[in-house]
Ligand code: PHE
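Below you'll find only one chain, the form predicted alone, shown as structure tokens.
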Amino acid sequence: MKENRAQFATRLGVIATTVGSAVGLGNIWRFPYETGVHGGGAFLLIYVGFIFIIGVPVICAEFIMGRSTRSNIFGAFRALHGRPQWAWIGYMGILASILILSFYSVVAGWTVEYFVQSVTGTLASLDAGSRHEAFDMFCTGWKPVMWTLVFLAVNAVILLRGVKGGIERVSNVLMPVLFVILIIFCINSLLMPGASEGLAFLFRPDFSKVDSGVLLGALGQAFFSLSLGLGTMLTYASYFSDRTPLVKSAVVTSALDTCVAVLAGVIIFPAVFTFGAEPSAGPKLVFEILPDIFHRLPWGALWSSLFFFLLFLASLTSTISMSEIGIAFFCEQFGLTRKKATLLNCLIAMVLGTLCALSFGPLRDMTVFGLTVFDLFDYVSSNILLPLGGMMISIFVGWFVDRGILRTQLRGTGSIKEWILRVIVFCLRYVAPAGIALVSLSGLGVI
């Protein structure tokens, strides 16, 4: 154990930071439209099942690696196994975190723009037909670059304050605020005329709609929702105290992450059915259809402003954890101070994020294999690096890490029943690698 390594100060800090890392646009933006596209309740039920048979074990694996080594993702692989090829999995995680941070921050910048437009009333002045055109004009201009850089600068300010004073303190504030806003929205949605239809769509499973596409969609959503394969949970676990119960923390993190996704569905589907929108509208549901719905409500500008502020908070907690992967690596492998490591990581993301933001406009003709910079970063990270990283972490901990280390870390200062350990190891050895392989093959278009 590295005695001078920072640690989270409280149990609340552990939960707030890990849940904040998991909760992001995948919960509030991606989950509702994935549920809508795949038919509602059956998708939700299958998604929850995958969260607990794949998500929890892989989170436990990352927790074990992080706390047992007190190191970044590269150092953790190197410390737990002598063969150098395993350490290259750490490089994959670092590369994936930088690529995702770059294009994710562009989308986060869109939420900032829509928040500003909601507050100023600009969004309310547009009719439904104009919103699509306005969104396209915004994306193809230079304003997304400005908001991307602003968003990354906010990340840097928080991260410069360190683990306790920055990450933990901000997470302790932002996560309760996020849940309060979610609950306020849920109450409003449940009072809408279409609430019963929306809830029936979300919670009443129709298994006749279940096919391979639904299964793969639920599996992919479960994997990406928890930010697995990046090393975010591993990095945060390296700041856990020895008293932190890893299995319980993994279950609570997964449960709260799922809760946020379900609450997002409770917010969106009653509104969709009340105003006759299509639940299967896809990604444009958030930036084109929901603004139209909000502005049909009393105090529409308020609801729109709160919603895009909610997206901003979810984006911020996720990108803070993504940034910490690279910062910990630069500090520990190259001996940089935290300030220099944070600025370096932020600068890299700003340069790459600018290219991603411009790929919808001035740089849209700059392509690699027919993909713009934004699409390339998304494709490589989502379909190759994340699934491969998650699979290798599962295999590494399930097959190559000493069982005594697993037992010691999962037990912590208490005890753990042997059957729980066996279930986790079985899932890491067989279930998670097979499931993640299916996610990757589906993303690559092989199946």
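Because the structure is a prediction, the values reported are computed rather than measured. So that there is no doubt, residue numbering starts at 1 and follows the sequence shown. Heads up, when I say rigid core I mean the largest set of C-alphas that superpose within 1.5 Å between the two forms.
Below, we turn to the form predicted together with the ligand, even though it does not appear here.
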In the predicted complex, the residue from T35, Q409, N27, S394 with a non-hydrogen atom within 4.5 Å of the ligand is N27
Residue within 4.5 Å of the ligand in the predicted complex by heavy atom, from S227, S189, T235, S304, is S227
Taking the shortest heavy atom distance, is T17 within 4.5 Å of the ligand in the predicted complex? no
| task | Answer with yes or no whether Y104 is in contact with the ligand in the predicted complex, where contact means some heavy atom within 4.5 Å. | result | yes
Checklist entry - Taking heavy atoms only, is I424 within 4.5 angstroms of the ligand in the predicted complex? => result no
* Is I267 close to the ligand in the predicted complex, meaning a heavy atom pair under 4.5 Å apart or at it? -> no
For the ligand in the predicted complex, the stretch among 296-304, 198-206, 320-328, 180-188 with residues bearing a heavy atom within 4.5 Å is 320-328
Checked 233-251 against the ligand in the predicted complex; residues with a heavy atom within 4.5 Å, sequence order, are none
Tell me whether F31 is among the residues that move between the shown form and the other one (Cα shift of 2 angstroms or more, core superposed).
yes
Checklist entry - F63: with the rigid core matched between the shown form and the other one, does its Cα shift 2 Å or more? => result no
Core fit, then L311 C-alpha moves 2 Å or more between the shown form and the other one: yes
